[in-house]
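Encoded as structure tokens, the following chain is the form predicted on its own, with no partner shown.
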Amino acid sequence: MAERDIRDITIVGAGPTGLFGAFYAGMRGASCRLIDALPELGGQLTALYPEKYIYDVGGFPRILAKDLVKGLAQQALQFKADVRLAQEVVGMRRAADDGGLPLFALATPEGDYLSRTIVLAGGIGAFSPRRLPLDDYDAWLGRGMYDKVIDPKAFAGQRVLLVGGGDSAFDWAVNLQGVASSVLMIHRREGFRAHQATIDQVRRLCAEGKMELRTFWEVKAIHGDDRVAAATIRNNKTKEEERVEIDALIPLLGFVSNLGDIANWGLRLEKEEVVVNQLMETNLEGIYAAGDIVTYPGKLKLIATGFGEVAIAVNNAVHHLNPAAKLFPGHSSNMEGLFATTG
């Protein structure tokens, strides 16, 4: 990387909000860079549920997460944004002024990236799956135990043990129907954190004998040679134990997330979320934020909300860089010439 490879806007996070932000930066004629700690574009959509349908994005009655990412990437990258994946931002410092405007230097293991403004679009921050409390947890990962489902077809004909009581566990209990040969789902308590409609759907499947759901059960041990072959599960109320023969164990217990180094920048935070105003400005001049990483009164954590927020953030970043620039870019339907040159 050239030492003075300065971009107008650097977007930290290449999920749906970050990708749409890169598109908007290009539409405003601003040079842009995307940085993400994950190895692929798409953020949580790619990392956690590429095969799941999304129903609340405007214009799509339903769309697979991976297909939404594909379309967002095609839209975003038509303006040739610089993309840096598998690079976690581990530091930020002020650099030398550039024509009267301060520069930011974002440090990664690959070096520093210089930018005139920053838009944080890091979703829930760096995240990792919650682990089963087993000493040999790491030894079984990838050998019949999986902490996320990427391709449901990988479980075709298998006896699957699902662990969890949230949306992911319930969603996959439904989506593995007709794929896995059997599905047993256990949860350590009676209450669930999933949408009621999906809970009702799982209960119907149980009533029809298509799967089994047990509450107050937990995984005590995993058995097998090279791969998972069985698990001992334990009822935490009755203390009863049972060995179940399985081919795959999928713990879906949620995620532990944190802001990483961003928490050290001096940003105003509330419960590990970045506080912004109506312009998507943080308390640090030249740094904006959008998407699930932000908070403000009335905030809704939706992809659709992130799209609107990052458009506001990018337009205000452009106006910050050039106060003479119009805040409102105009309607894209009147910019046919711009898109004809980027297709």
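Under this definition, the rigid core comprises the largest set of C-alpha atoms superposing within 1.5 Å between the forms. Quick note: we count residues from 1 along the sequence shown, nothing fancier. What you see is a predicted model, and the numbers here were worked out from it, not measured in a lab.
Just so you know, the form predicted together with a small molecule exists too; it's not on screen, but the next bit is about it.
- Contact with the small molecule in the model of the complex, judged as any non-hydrogen atom within 4.5 angstroms, is confined among 22-30, 311-319, 50-58, 279-287 to 50-58.
- Heavy atoms of Val274 never reach within 4.5 Å of the small molecule in the model of the complex, leaving it off the interface.
- The closest non-hydrogen atom of Ile124 lies within 4.5 Å of the small molecule in the model of the complex.
- By the criterion of a heavy atom within 4.5 Å, Ala248 is excluded from the residues contacting the small molecule in the model of the complex.
- The small molecule in the model of the complex comes within 4.5 Å of a heavy atom belonging to Lys301.
- The listed set Asp136, Glu240, Glu88, Glu110 contains one residue whose heavy atoms approach the small molecule in the model of the complex to within 4.5 Å, identified as Glu88.
- The rigid-core alignment places the CA of Glu273 less than 2 Å apart between the shown form and the other one.
- Taking the rigid core as fixed, one finds a CA shift for Asp112 smaller than 2 Å between the shown form and the other one.
- Superposition of the core reveals a Cα shift of less than 2 Å for Lys80 between the shown form and the other one.
- Here's the thing about Pro50 and Asp167: their CA atoms end up at least 3 Å closer in the model of the complex than they are in this form.
- Compared with the form shown here, the Cα atoms of Pro39 and Asp167 sit 3 Å or more closer together in the model of the complex.
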